[in-house]
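We begin with a single chain expressed as structure tokens, specifically the form predicted on its own.
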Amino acid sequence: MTGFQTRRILVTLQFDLLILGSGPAGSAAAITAARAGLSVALVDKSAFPRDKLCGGGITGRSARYMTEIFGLQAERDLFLPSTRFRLTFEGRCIGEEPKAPVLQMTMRREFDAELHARAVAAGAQVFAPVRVTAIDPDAPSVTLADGRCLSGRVLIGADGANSAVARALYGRAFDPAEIGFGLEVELDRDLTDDNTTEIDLGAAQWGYGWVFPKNGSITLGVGGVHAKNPDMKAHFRKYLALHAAKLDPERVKCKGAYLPFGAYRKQPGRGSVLLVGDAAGLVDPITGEGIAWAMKSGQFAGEAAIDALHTGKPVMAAYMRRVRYIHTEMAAARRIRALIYSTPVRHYFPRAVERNPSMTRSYLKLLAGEIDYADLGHRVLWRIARRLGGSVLRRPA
């Protein structure tokens, strides 16, 4: 057992599948495995509902996955549809779509609680709120603060960017040079009646700002690669001032959290231990969208556990076959991000978007899940290289 204070084991409970974390990734793994008849322990440090720092944008891809995995439809009491989209750079509008593909906006507190409840209804046994005091990735097993030990044939780490499961496997949860960091606040809905979704690609270095309308509030935040933004609070205050000039940025209480930002683990786990969602770094490095890949990787991990336990074959191989598609998308997005955020392109890119409305539409198609990065990548690279005579591709970032 690694990384925690040990306690005397009072009782050991056996399961087919242990899942740490019951956000979208953990709940997706739980509902997939439980429906197939596996015994599932769903462990979380918090009781649901609980708060979660996230813009709460449900893209077209996310909406498909939540219906496919959970049977959940975009109902008005849980979601606010936004069909207006604005792309900005340092506060200046560079692209706007008044009839964009629908983005469903939700509060993660209610959204995650709904997914969690559906996993429980499928048969997952919940241990929450609990504190994990030890993780043995070789058993695999986890020990709880009350002395109970949960043992499983497969362990899934769905416990976020600061994953305890990842720390037990690798000694640290993420690479400090690549991890993202975000600050966010919920603002009074009375500040605006505009249902426009905004992404600002210049609000931070190697990052962006967001304004997402919700039922009853507006979520405003700024995030980016942590190492490139030593004073993220300054970026946040500047972006807040653009949208809420009447508020004193110094008095606004924001929330902060580390966010995976494209630094995905090419080998997400070891042996009988799998990492999913944020714990595996599966967050889009350009749009910052992580809910879709969280749900899908959780489903993939649940399916891999089912296959492995039925066939006796390695669970990691079964998971890698499935998650390879997400990795391909992440790798393509990272290549595009390295180009558009590089020093020579950073100031050119917004002008290119202004002159080419198709680039904003392509961005929206990515959010909607209508196209993949693998389809888009070569066109974007070729367009920028052609306009700058290839010099951008030769100069260092």
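Position 1 is the first residue in the sequence shown; the rest follow in order. Model, not experiment: these values are computed from the prediction.
The next section is about a form of this same protein that is not shown, the form predicted in complex with a small molecule.
Although the small molecule is omitted here, in the model of the complex all of Gly182, Phe212 and Ala294 have a heavy atom within 4.5 Å of it.
By the criterion of a heavy atom within 4.5 Å, Val225 is excluded from the residues contacting the small molecule in the model of the complex. Although the partner is absent here, Glu198 lies well away from the small molecule in the model of the complex, with no heavy atom inside 4.5 Å.
Taking the partner from elsewhere, Cys54 is found to have a heavy atom lying within 4.5 Å of the small molecule in the model of the complex. Interface membership of Pro268, defined by any non-hydrogen atom within 4.5 Å of the small molecule in the model of the complex, is ruled out. Look at 252-260, 228-236, 306-314, 93-101: in the model of the complex, residues with non-hydrogen atoms within 4.5 angstroms of the small molecule sit in 252-260. In terms of contact with the small molecule in the model of the complex, the residue from Ala63, Val43, Val345, Ala36 that brings a heavy atom within 4.5 Å is Val43.
Contact with the small molecule in the model of the complex, judged by any heavy atom within 4.5 Å, is made by just one of Arg118, Arg153, Arg108, Arg86: Arg108.
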